[in-house]
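Next up: a single chain in structure tokens, the form predicted alone.
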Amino acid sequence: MRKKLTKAIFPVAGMGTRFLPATKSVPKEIMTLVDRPLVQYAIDEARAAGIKEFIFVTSRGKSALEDYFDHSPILEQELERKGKTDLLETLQDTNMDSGAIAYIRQHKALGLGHAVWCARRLIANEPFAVILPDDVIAAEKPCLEQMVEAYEETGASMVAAMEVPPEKTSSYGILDVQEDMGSIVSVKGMVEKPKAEDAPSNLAVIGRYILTPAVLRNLNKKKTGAGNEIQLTDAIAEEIGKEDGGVYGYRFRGQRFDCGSKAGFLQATVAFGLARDDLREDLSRYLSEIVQIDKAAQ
């Protein structure tokens, strides 16, 4: 019987240098997208997919991230005293039950594969998800929940994939497709950041993975790849073609925002703001005014 997916790893050890000076004192993962930190979107997505155990791979300077998920009794009491029940419910949704969340330190930045490997003892011999909070996905059904449904069909390692323009393939890991079955594709290869003319497809891997324990065993070899780092992509690629596993790509339904870049973060802010009933009217009016001013200036 296939084991149910209940564990997820969140690699959050990066220094967020693209967002300096803000990230000098604030971990990038708790920078706010509208009124919730990036990591809250990732946690909500994991919960919707049935994840019960949350493993954060952190580094020095991330204590604010740990505090965010803790209870805040004084603040909760104050909101209750003032009758602000909506805010109280919102606050309580950010709390994590005792024992549900664990923090592992990655002492050296040796790559995404190494970050995942750091959590190996908490994963043991079970399937697990990996969620990169930088990738925020707006979807009617959360991306990881979509993937869990597909994983129940395949039982093999799976990566989220989206089509990108050919000129953008050099920024992503690209899938070499063996068989295209619509939402699910079987994979015969993975190429890291190929030039447009060398790319086997335009299906790019983004920050959602469902992986089998075999991938952790591959990471145990500590093989270095691109950038002299331990690459998660390489460990996944070792499973391609195996009779008892294989690798699949999943075309998720939704819009992905790269919140690891300033432009992507701003685009996500606008998109999520416009999706809010309490913000849409004012924000739409402001954006229309900006466009009109820009046109007049031209």
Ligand code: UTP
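All residue numbers are counted from 1 along the displayed sequence. Since we're looking at a predicted model, the values are computed, not measured.
Beyond the structure shown, there is the form predicted in complex with the named molecule, which is absent from this document and is the topic of what follows.
- The chain is drawn here without the named molecule; in the predicted bound form, the stretch among 67-75, 153-161, 102-110, 174-182 whose residues come within 4.5 Å of it by any heavy atom is 102-110.
- Contact annotation for R276: none of its heavy atoms lies within 4.5 Å of the named molecule in the predicted bound form.
- In the predicted bound form, at least one heavy atom of R18 sits within 4.5 Å of the named molecule.
- Not displayed here, the named molecule is approached by E29 to within 4.5 Å at the level of heavy atoms in the predicted bound form.
- The closest non-hydrogen atom of L219 lies beyond 4.5 Å of the named molecule in the predicted bound form.
- Only one of A115, C143, A204, A199 lies close to the named molecule in the predicted bound form, with a heavy atom inside 4.5 Å, and it is A115.
- Scanning L132, L211, A119, I137 against the named molecule in the predicted bound form with a 4.5 Å heavy atom cut-off leaves one residue, L132.
- Contacts of stretch 261-277 with the named molecule in the predicted bound form, defined by any heavy atom lying within 4.5 Å, are made by none of its residues.
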